[in-house]
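One chain is shown next in structure tokens, namely the form predicted on its own.
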Amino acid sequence: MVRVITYGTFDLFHEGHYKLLQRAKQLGDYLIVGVTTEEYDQARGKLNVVDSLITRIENVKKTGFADEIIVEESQGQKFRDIKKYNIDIFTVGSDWVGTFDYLKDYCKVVYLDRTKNISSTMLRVQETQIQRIGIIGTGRIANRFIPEATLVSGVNTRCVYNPNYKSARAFADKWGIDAYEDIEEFYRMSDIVYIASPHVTHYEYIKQALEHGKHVLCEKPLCLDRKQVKELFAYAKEKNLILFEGIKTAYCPGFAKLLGIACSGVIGNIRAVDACFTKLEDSNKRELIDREYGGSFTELGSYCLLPILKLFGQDYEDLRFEAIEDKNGIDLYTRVYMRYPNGLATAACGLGVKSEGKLLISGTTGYIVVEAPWWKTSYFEVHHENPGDVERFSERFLGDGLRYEICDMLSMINGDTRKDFKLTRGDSETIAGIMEKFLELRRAQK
């Protein structure tokens, strides 16, 4: 008898789950299915599990493919189960290719191709619809988005669009999704549109997606014009749609903890915020070629402005820029100085100048320091006058962090508006307004 084992969350049970179990059963004579607990899913980075463990087990049972169902509760259990149940074949979906190769020393490992374009449940009527995501743009961030989206229950990345169809086709083939040359067909096959195209294209794509009745998740900056951002949020509200700006830092658990500690009075009254984010970028990349909209500030400024706005607010009294420019006029390094009624702030970002990237929050009785990469907040320290008086805080930051914003957006689509304080409409408008002033100054100087 050939004994096969597979594992999964099996949340919002759908056609893809059914076919995976069907093919797993075909690999042998006896199929054991491990259903993960919600606690273990959270520990391994899967978010937004909707169905209870009992419901998920029952849905697996209804397929008739499982000869035995077990519960997966902890890391390392797969190895123990392989030994315990005398397993011949371990199998999971192709999303996990390579991840479980270490088990080849103990049994055969088979990765099954994923089912493209999953539908809603085959076994029951779902209260929560699986949202189909369509991606506009095929660059670096879009490539990081897809594996993150697979770790959020309730969404399925369905298709991609790029005006350069050849690029869209290559991207689709890589990730096992559909590419569309006709943008109307692309919109028809999407519920959520994720915009990962160059900054200057954001406004038109957002407006077009909203006109087609689609929720929108757009990479930062949402737009480079405050009036455009205001118009788009008003239009989304009118259409009863969610417009969501993807500054991932705003949604990561560690950053939320940081803001809570900073505003708790543990360092007294906050009087200064200094945020720095630099990375050395290839001079041939779009960010350092686009003379109109490229450069350090438009690329990284959203991250650095975020903690300033969350701690000091949107009503600054004075704003000043200083930049080191390349010969083509693009800023390689920019410092932004902001004055508030009760404090000062600086935001520094660079693509051609490297600096110690940290976030420093200074108060009347102490300070908080978050070392780079602070925009993926996972650890920070609270210091006081006594050098030995240091409090340390930590929080997990999973993967590339995009799963947090996807999860929060999905919650808002499903009617939970308690998450919108993390990055408000006013925050997005203020960031766009500061970007607009920076670009106006650069054009004037040219």
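Just so it is clear, the model here is predicted, and its values are computed rather than measured. Numbers for residues come from their place in the sequence shown, where the first is 1.
Another form exists, predicted in complex with a small molecule; not displayed. Remarks below refer to it.
- Note on the interface: of 72-80, 361-369, 255-263, 319-327, the segment with non-hydrogen atoms within 4.5 angstroms of the small molecule in the predicted bound form is 72-80.
- The closest heavy atom approach of residue 114 to the small molecule in the predicted bound form falls within 4.5 Å.
- In the predicted bound form, residue 428 stays away from the small molecule, with no heavy atom inside 4.5 Å.
- A residue is said to contact a partner when one of its heavy atoms sits within 4.5 Å of a partner heavy atom; residue 101 fails this definition for the small molecule in the predicted bound form, lying far away.
- In the predicted bound form, at least one heavy atom of residue 93 sits within 4.5 Å of a heavy atom of the small molecule.
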